[in-house]
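Starting off, we have a lone chain in the form predicted on its own, written out as structure tokens.
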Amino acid sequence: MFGLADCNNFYVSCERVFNPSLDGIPVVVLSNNDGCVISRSQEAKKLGISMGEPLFKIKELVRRENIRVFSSNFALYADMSSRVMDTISALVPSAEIYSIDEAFLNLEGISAHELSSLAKKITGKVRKDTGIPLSLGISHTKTLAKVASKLCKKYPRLNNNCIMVKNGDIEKVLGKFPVGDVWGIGRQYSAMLESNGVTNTLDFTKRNPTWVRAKMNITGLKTWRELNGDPCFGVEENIPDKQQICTSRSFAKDVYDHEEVVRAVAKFTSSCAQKLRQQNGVVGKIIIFFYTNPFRENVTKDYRSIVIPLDLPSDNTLELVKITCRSVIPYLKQGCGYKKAGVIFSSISRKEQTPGVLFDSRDREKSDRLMKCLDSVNSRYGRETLITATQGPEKILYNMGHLSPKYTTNWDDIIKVVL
């Protein structure tokens, strides 16, 4: 058996934990630079606000309905996610953290009659210990568990728990479940299936596996098998290494000072390097991109992407910042106000599995000690306590006009109890 634990309206729920006055009223959380809606309370959903809705399009609705708006407080959300996942992991044989608000659960060895009590125990303890409401779907495969978890959100009478194990119940659910909502079936496959007369998920499960393989390759066939109760995906306890690492941001305003763009590239490179070292990797290729505001008229436009193959794969922040900043400077055009920039690390390999280079003159042991010291200081005293000189002490300006306190990660923001 597998379970899928999914935090309800996670970012909104995090805000509500520390501000109970938000309960029962419409709340939305915005993306970087307060651009688009990325989390909505049930009350906001009922008002017709959709995911990805730009804030400027709903300003009148926000004012009229008194909708509470928050900037993304990712430090808070990441910490709350860690607390939720730790609580869940202590109650099951093993868990796979799938995203910041989702985890697959391995329920092997737990008898069918124990599933109901376990599900209630998990959702209850998470709510009690963290304040976050959790939906939990349980079934024979990960794909069916994902379907079951979606039912929890659609039908409140399930009380956030849906155990879907009887064949009759599964067929009944899949007969009404849109095939496009199935985990692993995207828009293109959904359109293809509908054009071939597949109107719901049950129709899809009745198709011949040979036909499914021909139309959707081996991945589609595995999804088909999972929907038919045959597990093809196990719970991965060890998080796989990232094949790409990206850090990018939109600026609060168009940036005409190119030194500020270079500082941003240095900051993004440092962030990518820190994440790279967390998985003990080295990078072999770097991509830098930056562009002007595509929505502004009568201004000079520039859309640039630079690919930098590295002769010597590295995880050293100082080396990588030097490479990226020197590479970006010649391509910045005078008179252009840049709106967004980003750095992508690609061709990533494990350090211990990367062949050495005969004529590498770098002192790798010294570099490793220096990076370990850098990461240790920033881990203990806070992100960007130590930074490169190129990055500079000035903060990059973002639009974050609705940011809540960092209740759990900043001493100055801890809630004070007044007696």
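No experiment lies behind these values; they were computed from the predicted model shown. Heads up: residue numbers just count along the shown sequence, starting at 1. Between two forms, the rigid core is defined as the largest C-alpha subset superposing within 1.5 Å.
Form predicted in complex with the DNA: not shown, discussed below.
Taking 378, 367, 354, 32 one by one, only a single residue has any non-hydrogen atom within 4.5 Å of the DNA in the predicted complex, and it is 32. Think of it this way: in the predicted complex, the DNA has a heavy atom of just one of 116, 219, 210, 167 within 4.5 Å, and the residue is 219. Interface membership of residue 157, defined by any non-hydrogen atom within 4.5 Å of the DNA in the predicted complex, is ruled out. Proximity of residue 290 to the DNA in the predicted complex: non-hydrogen atoms within 4.5 Å are absent; the residue sits far from the partner. Interface membership of residue 243, defined by any non-hydrogen atom within 4.5 Å of the DNA in the predicted complex, is confirmed.
When the DNA is considered in the predicted complex, residue 189 lines it closely, a heavy atom lying within 4.5 Å. Comparing 106-114, 132-140, 89-97, 294-302 against the DNA in the predicted complex, the single stretch with non-hydrogen atoms within 4.5 angstroms of it is 294-302. In the core-superposed comparison between this form and the one not shown, the C-alpha atom of residue 296 has shifted by at least 2 angstroms. After superposing the rigid core, the C-alpha of residue 184 moves by less than 2 Å between this form and the one not shown. Remark: with the core as the superposition reference, the CA shift of residue 337 between this form and the one not shown reaches 2 Å or more.
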